[in-house]
Every structure is written in C-alpha cells, then in structure tokens.
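Just the one chain here, the form predicted on its own, laid out as structure tokens.
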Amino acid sequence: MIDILLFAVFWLIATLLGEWGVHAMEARGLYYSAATSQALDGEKAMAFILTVLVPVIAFIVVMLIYTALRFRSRRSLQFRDNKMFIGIWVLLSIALNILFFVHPSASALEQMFNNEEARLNRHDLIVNVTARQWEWIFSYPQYGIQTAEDSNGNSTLYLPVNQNVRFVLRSYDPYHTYDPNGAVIHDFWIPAFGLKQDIIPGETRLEYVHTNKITSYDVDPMVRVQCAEVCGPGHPFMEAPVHVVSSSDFLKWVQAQRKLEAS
C-alpha cells in the first residue's frame, strides 16, 4: 500500500511539472515561428496532444525509476505480470488513440475542408509554383508576372499579409529542351507556414494558406521555401526566400517586377 501511495505522489508531482513545462512552451510558441493561421492551428493541435500525454509519459518515467530503485533487491517481492494492470493499460491506449483520431486529426480535416469550401467564393492570390531540379519558379498570373526574381536573378516569393493564398504546385522543367516532363518528386515546404505538400510530376496540387504576420527570410530563416523531398545532389540548396509584406509594399513589389521583366 505504501508503494502505491508513494508512486501516486511522485506521479502527481511529475505530471504537474510536465504540464507546467508544456504551458510554458505553449506561451512562448511551440513552433520556432508561425506566419499563417494554419501554423497557429498546428500549434494548438500539438499543445492539446502534449497536454493529454504528459500524465502518460510521467507515469512511464516514474514507474521505470521507482521500480528500478524500490525493487532492485533480489529479496524484494517481484511479479512478472498483472492482468488488471495490463487490461487497463490496453484500454487506456485504445481510448487515447481514438481520442487523437477524433481530435485533432479528424476535426482538423473537417476544418480544412470547410475553409477550402469557404474560399470558393473569395478572390485568393494565386501563385503558380514550378519545381525543377534544383530551383523554384514563382509566377503571379493575376499580375502578369512570369518569373519572380530579385535584382540578382534569384527566385523570390512575395506575399501580402492578411491574404488568402492559393499555391498551384507543379513539377516539371520548362527549360528542358526535349523532355520538360522528365521531372522528379519535390516537396513544397515553408517551415513558418506550418504546411508542406508533395509535388508529383504530371499532377497539379493545391495548397491554401492565410498569411497573418509581416516577416521575411531576412529576419527569420524559417520563412523560406525549402524542398523537403530528397530530389538529387542539389536538394539541400533548393530553397528560396519568402517575404510577407504589407499590401502597399506588395503592390510596389509588383510594379518593380513588371519593370524588371519589361527591361
């Protein structure tokens, strides 16, 4: 009986410390940076999972340490199994898996579908993204921009803040002379946006985000487009800076890009 009471006390202390740590990390932000509403949703889902799992993790850690110290002597009473304990553990594991399947997994999918349906009647900013070995090409059909580049000729992605954005993702090589479709699988990933999407040759895939923070690669290295699928020897260098700017600055950038392409 004394062992059960001592274990319960240690378990409670470990759980309280763990929950305090999770809430402290949540207050500072579980993601290194979050620049879209989708990234914030991801943070909330991770915080929920960690909050629920802290008592379980604390139980396992305290159990391992307590049993190793308390029952290390050969003369101590030891047992190999306990059917009631095993049954409760299995049922608890099943219940946790069902809980995480319902929330945040299934509830997040429902939210994403609802958001996409709501966007059907809105005017998203459309950005065509072409992935080729080993370069990203961005074009803005609504503004007549064929290839977004900086003054050095490097690909760059500009987005206005508080804007719904629809990325149209394709993998092919427009500069290949005899086989533009001889492409490989890439993965479109902006760490600060909290989403990534595989880009399969021959397919057109969509990704939606809502920008909610002015930021850029100049101040945060997580604000960049990075290929997250190994696609050849140049894969580590297949990245492009991202700039989330105000609406007025975005329009200035559009005018500058048009002049650059016209020159």
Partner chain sequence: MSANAAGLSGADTAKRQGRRMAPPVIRGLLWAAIGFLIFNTLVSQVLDRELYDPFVTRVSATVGWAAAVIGWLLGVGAWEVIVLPFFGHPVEWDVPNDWRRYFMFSTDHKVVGLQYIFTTTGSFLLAGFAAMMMRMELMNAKLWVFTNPGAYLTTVGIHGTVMMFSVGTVALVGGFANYFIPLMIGANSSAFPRLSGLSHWLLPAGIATVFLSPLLGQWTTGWRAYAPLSGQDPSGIVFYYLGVFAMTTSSLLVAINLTVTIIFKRAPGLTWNRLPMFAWGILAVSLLTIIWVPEIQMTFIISLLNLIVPFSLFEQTGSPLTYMESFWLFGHPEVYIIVVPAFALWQEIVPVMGQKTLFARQWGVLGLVFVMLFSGLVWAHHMFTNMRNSEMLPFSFFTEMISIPTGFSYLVVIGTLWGARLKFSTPTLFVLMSMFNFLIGGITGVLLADPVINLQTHDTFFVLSHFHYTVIGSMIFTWLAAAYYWLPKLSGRMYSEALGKLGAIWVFVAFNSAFGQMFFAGFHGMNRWVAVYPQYLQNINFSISMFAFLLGLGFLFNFVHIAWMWNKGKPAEQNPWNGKTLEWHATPKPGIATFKPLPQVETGFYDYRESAPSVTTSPKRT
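Bear in mind that the values here come from a model prediction, so they are computed numbers and not experimental data. Rigid core: the largest C-alpha set superposing within 1.5 Å between the two forms. Residue numbers count along the first chain shown, from 1.
A second form of this protein, the form predicted together with the partner chain, is not displayed here; the remarks below concern that form.
- The putative spot formed by A24, P241 and V245 is not touched by the partner chain in the predicted bound form; no residue has a non-hydrogen atom within 4.5 angstroms of it.
- Residues with any non-hydrogen atom within 4.5 angstroms of the partner chain in the predicted bound form fall in just one of 97-105, 156-164, 143-151, 124-132: 97-105.
- In the predicted bound form, at least one heavy atom of D3 sits within 4.5 Å of the partner chain.
- Remark: V168 does not count among the residues lining the partner chain in the predicted bound form, judged by a heavy atom distance of 4.5 Å or less.
- Contact between I214 and the partner chain in the predicted bound form is not found at the 4.5 Å heavy atom cutoff.
- Contact annotation: S139 falls outside 4.5 Å of the partner chain in the predicted bound form, judged by heavy atom distances.
- The partner is not shown here, but in the predicted bound form the stretch 181-206 reaches within 4.5 angstroms of the partner chain through a heavy atom at N181, G182, A183, V184, I185, D187, W189, P191, G194, L195, K196, Q197, D198, I200, P201, G202, R205.
- Once the rigid core is used as the reference frame, the Cα position of V168 differs between the shown form and the other one by less than 2 Å.
- With the core superposed, Y143 shows a C-alpha displacement below 2 Å between the shown form and the other one.
- Remark: with the core as the superposition reference, the CA shift of I88 between the shown form and the other one reaches 2 Å or more.
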